[in-house]
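Before any questions on binding or motion, here is one chain by itself as structure tokens, the form predicted on its own.
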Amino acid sequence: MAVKFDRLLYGGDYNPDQWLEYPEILEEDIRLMKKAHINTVTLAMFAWAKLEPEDGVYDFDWLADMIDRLYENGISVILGTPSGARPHWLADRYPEVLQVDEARRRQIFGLRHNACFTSPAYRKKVRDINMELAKRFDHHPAVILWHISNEFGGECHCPLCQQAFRDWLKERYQTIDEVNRRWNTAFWSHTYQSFDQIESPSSIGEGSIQGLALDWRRFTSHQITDFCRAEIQALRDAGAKKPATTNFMYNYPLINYHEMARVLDVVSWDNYPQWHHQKEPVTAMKSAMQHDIMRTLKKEPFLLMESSPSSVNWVPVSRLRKPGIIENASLQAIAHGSESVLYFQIRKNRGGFEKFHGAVIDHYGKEDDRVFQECCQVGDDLEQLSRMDLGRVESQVAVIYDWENRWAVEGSCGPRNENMFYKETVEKSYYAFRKLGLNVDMIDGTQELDCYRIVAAPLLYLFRPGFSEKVRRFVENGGYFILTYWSGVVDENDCCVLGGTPGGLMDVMGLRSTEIDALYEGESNEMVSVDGGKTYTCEHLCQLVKPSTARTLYQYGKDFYAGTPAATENVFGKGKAFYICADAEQAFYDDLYADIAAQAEVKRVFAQPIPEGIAVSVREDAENAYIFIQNYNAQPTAFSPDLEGAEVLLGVMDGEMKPFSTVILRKKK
């Protein structure tokens, strides 16, 4: 069941432990928070040294006082567990908690994310403090959610982790002979005689067995997920009833978030787009896709746990957010299913690594500040929207973005060993659907397909077990399926499919892949419509195919394979399967997907074309559709959609949208 709050959450990370010697600042902070309509803060995320200054000695009174004061002022609390940043004494007393890198060097204390998730000592110390926090604070009416650790990540290659990896492999494969078979270790005579011989991939050791590398990725993700599960279990064992989350990150490669989401009550994530680095519509589309990934992990509302109301401080160039961007980016999260807009941070730190990171309250500390005023506007927007039930995001189309496939693609050793462009290929499918004003689910290869009208599977090199059977049923029953080049090539252990590819789907796609040509940077080919219509550019990878029942839509225009299929369509059962043979430009995807959506009779919120740079998203309840229209162009943009029967809830819809503006409509379904 989805976690539901009584309002849209607005606020962010607050660190009163850094300001306890300035009581006047703490008082002023609460006043400013209320003025900005802030109703929620996250506490104690990085306060372990203050909460437990010595091993087994706890000091929670300052935190209890702060929670009481916030609650008295109508501000709720998301309470963090402090494992994201460990105190020095813990590393000194229990050196096993420090990670060992792939070259087998143990790290020294410093920064964050340097803990071994296997270490029994670390797990015990985290369990102890989590239980104490739960006993003291879970019953407090201010506490609405537990925030587990912070931005889980990293990997450890210490002896404890090596043994845990071997135990994980034993459970997965049972015998060493099965490991050798599944990893094809006969290549280069790398056959293992026992599990004890297996080591994690290393630059000073084994780096040639793709099955090993893939399973190490799976193990690392599993170990971090298990640690998160153990943190939550400690809270539950102490009697905690409040829901729990942890903050995921943008496009983070090391953790399979589909698996980690299963141990959480609600998904949350941190969004830090680099506005004004690329064109704003491109940046907005990248953020939108990540929002939809997070929403689809549980197919429930999620939380925007961190964002910046101004510049960040950890990128090469930290540009300010131009006026309107904060509001637009915040409402984008709501449009895609978020139940919150939360910032890092409420008040800027005086010192340390993030002292120049954007915040609601600047070092200046007054309310006549541009960023603070814009945050007040966002707070007012969310307060208005909290008065109505915005419902959920429902999607007719899905794009597959699969973590395990990504790991396999990036370590496949051919046809390109640099820049396989997996994420970029997925983005092209996503963008094409979004330009039609369609909501998009971002699923992985384990999720069901039957609830969609169209499913796109870009660069799906690795097929999960049972995936081809799901696709077969989906198309047979009337679904529209889109597959691209270099798909269905290997099994779950990165061993090549025998007998032809795409594995298990040659009849569904109506073709067989034969060869794939990797182009050098700067080279390109052409995809020419067989009806003499349009021509598009393609680059990077060009798949050669041999059709059986598939109809050719586009042909290659150049090289020795000129005139052979570059894109095909195949009727299978009641549905259709499309194969895109090359890494085509965005315009190709835009045009092809518009045609497929029309064939599939996908319902669009607006029939007329949506101008470049304008995004349309829809949330629905039982009676109403809430339509978010956002202009990400830096200039006014003409747009006059059919508004018959629609009520304007926020913004102005007069035929021209202002730069970085949002309009929200409500329309009876």
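Small disclaimer: the values here were computed from a predicted structure and weren't measured. Start at 1 with the first residue shown and count on from there.
Although it is not shown, the form predicted together with a further copy of the same chain is what the next lines describe.
None of 462-470, 449-457, 572-580, 306-314 except one has non-hydrogen atoms within 4.5 angstroms of a further copy of the same chain in the model of the complex; the exception is 306-314.
a further copy of the same chain is not drawn, but in the model of the complex it has no heavy atom within 4.5 Å of Phe219. Though the partner is left out of this view, Pro95 does not reach within 4.5 Å of a further copy of the same chain in the model of the complex, counting heavy atoms only.
Though the partner is left out of this view, Phe606 does not reach within 4.5 Å of a further copy of the same chain in the model of the complex, counting heavy atoms only. Shown alone here, Trp486 lies within 4.5 Å of a further copy of the same chain in the model of the complex, counting heavy atoms only. Lys366 is the sole member of Lys124, Arg262, His139, Lys366 with a non-hydrogen atom within 4.5 Å of a further copy of the same chain in the model of the complex.
Site annotation in the model of the complex: the residue of Met388, Ile204, Ala587, Ala562 reaching within 4.5 Å of a further copy of the same chain with a heavy atom is Ile204. Contacts with a further copy of the same chain in the model of the complex, taken as any heavy atom within 4.5 Å, map within 515-546 to Glu515, Ile516, Asp517, Ala518, Leu519, Tyr520, Glu523, Leu544, Lys546.
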